[in-house]
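Here we start with a single chain on its own, the form predicted on its own, put down as C-alpha cells.
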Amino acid sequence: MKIKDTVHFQWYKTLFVAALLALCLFGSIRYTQADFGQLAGNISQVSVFLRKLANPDFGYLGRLIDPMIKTLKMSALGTVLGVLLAIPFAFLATTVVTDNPVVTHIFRFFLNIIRTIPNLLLAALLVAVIGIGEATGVITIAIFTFGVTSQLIFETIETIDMSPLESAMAVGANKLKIAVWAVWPQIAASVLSYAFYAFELNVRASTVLGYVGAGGIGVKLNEALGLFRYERVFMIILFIFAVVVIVDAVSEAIRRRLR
C-alpha cells in the first residue's frame, strides 16, 4: 500500500474553514467600516514619523535615570505586595487546603473578577481616586500581580504530592499547620519563580501605567509625546528597551537556578 492511499485529505473541510475565515474577515471590515484606501494614502506619514524618531537625543538620557529608578522601585514594591497578598488567597482558592468547595468557588470567583480589570483602566480609576504619583502605580501593580500570581499559585498547589498532607492529617494537624508545613515547602520555589516572572511583566507594564499618570518613566514619555519631541521619545524607548532586556535576563537566570 502506498502512502498516498493511507492519507485522507478532506479538502472540502479545509475549503469550508477558509471560506468561513474569509467571511468573518469581510464581515469585520464592513462592521468596523475600515478604510484600507485611506490607510494606504497616509502611508507616507509613516516615513515622516520614522525620520523624526531617527535622531535620539542622547543628552536627554541623564534626565531619565531617576524616573527609571522610580519605575523599578514601583515594580519591585508592587510585585512584593501583590505576591504576599496572593499567597493566602491562593491557599483559600483550592480544596487541597480548605477541603470546602463553597469557600474555594467564592475565592476563585473573586480572583476571576480581579483578573478581568485591565491595567490601564485600573490605573486611570486609581489616578482619579488617589491622584497622580508613584503610590497609584504601586497599588495598580500590586493588584495586577495579585490577580496573576494567585491563579498560578493555587494551580501549583493542586499538583503537589498529597503524601505529606495525609501524614500531617494523620497526626492531627489543623488546616493552618498543614498549609505551613506540608503545602508551603512544596510550592516555595515555584512562588519565588512566579514573583520574578511577575516582576518582568510589571517593569514593562509600569512604563505604560506612567503614561496615564501613575508615575515613573511613563510620565516622561507622555510629556515628550505631548510636546512632539520625538527625539526624546526615541531615547525613552531605547532606554526602556535596554532596561527591560537586562531585567528579563537577570530574572530568567534566577528562575533557572530555582528550578
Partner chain sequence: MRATARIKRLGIALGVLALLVWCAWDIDWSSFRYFSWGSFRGTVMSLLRPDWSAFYTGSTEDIFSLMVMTIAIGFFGTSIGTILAIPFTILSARNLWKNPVVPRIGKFVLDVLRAFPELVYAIIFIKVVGPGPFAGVLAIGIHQVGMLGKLFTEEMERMDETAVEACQAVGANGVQTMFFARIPQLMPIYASLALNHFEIAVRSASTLGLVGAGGIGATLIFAIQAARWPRVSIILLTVIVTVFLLDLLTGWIRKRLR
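Residue numbers count along the first chain shown, from 1. Here, rigid core means the biggest group of C-alpha atoms that superpose within 1.5 Å across both forms. Predicted model only: the values in this text are computed from it and were never measured.
Same protein, other form: the form predicted in complex with its partner chain, not shown, and the subject of what follows.
4.5 Å heavy atom contact with its partner chain in the model of the complex for all of Ile29, Arg115 and Ala135: Checking in the model of the complex: Ile29, Arg115 and Ala135 are all within 4.5 Å of its partner chain.
Candidate stretches 172-180, 72-80, 152-160, 93-101, one within 4.5 Å of its partner chain in the model of the complex by heavy atom: Residues of 72-80 come within 4.5 Å of the partner.
4.5 Å heavy atom contact, Phe49 and its partner chain in the model of the complex: Yes, Phe49 lies within 4.5 Å of its partner chain in the model of the complex.
Contact test in the model of the complex: Ala124 vs its partner chain, heavy atoms, 4.5 Å: Ala124 belongs to the contact set for its partner chain.
4.5 Å heavy atom contact, Ile139 and its partner chain in the model of the complex: Result yes; Ile139 sits at the interface with its partner chain in the model of the complex.
Contact label in the model of the complex: Leu165 to its partner chain, heavy atom within 4.5 Å: It does not: once its partner chain is placed as it appears in the model of the complex, Leu165 has no heavy atom within 4.5 Å of it.
Residues of 224-239 having any heavy atom within 4.5 Å of its partner chain in the model of the complex, listed in sequence order: Residues within 4.5 Å: Leu225, Phe228, Tyr230, Val233, Phe234, Ile237.
Core-superposed comparison between this form and the one not shown, Tyr197 Cα displacement 2 Å or beyond: Stays below the 2 Å threshold, so no.
Core superposition between this form and the one not shown, C-alpha change of Gly41 at least 2 Å: No: Gly41 shifts by under 2 Å between this form and the one not shown.
Threshold 2 Å Cα movement between this form and the one not shown for Met68, core superposed: No: Met68 shifts by under 2 Å between this form and the one not shown.
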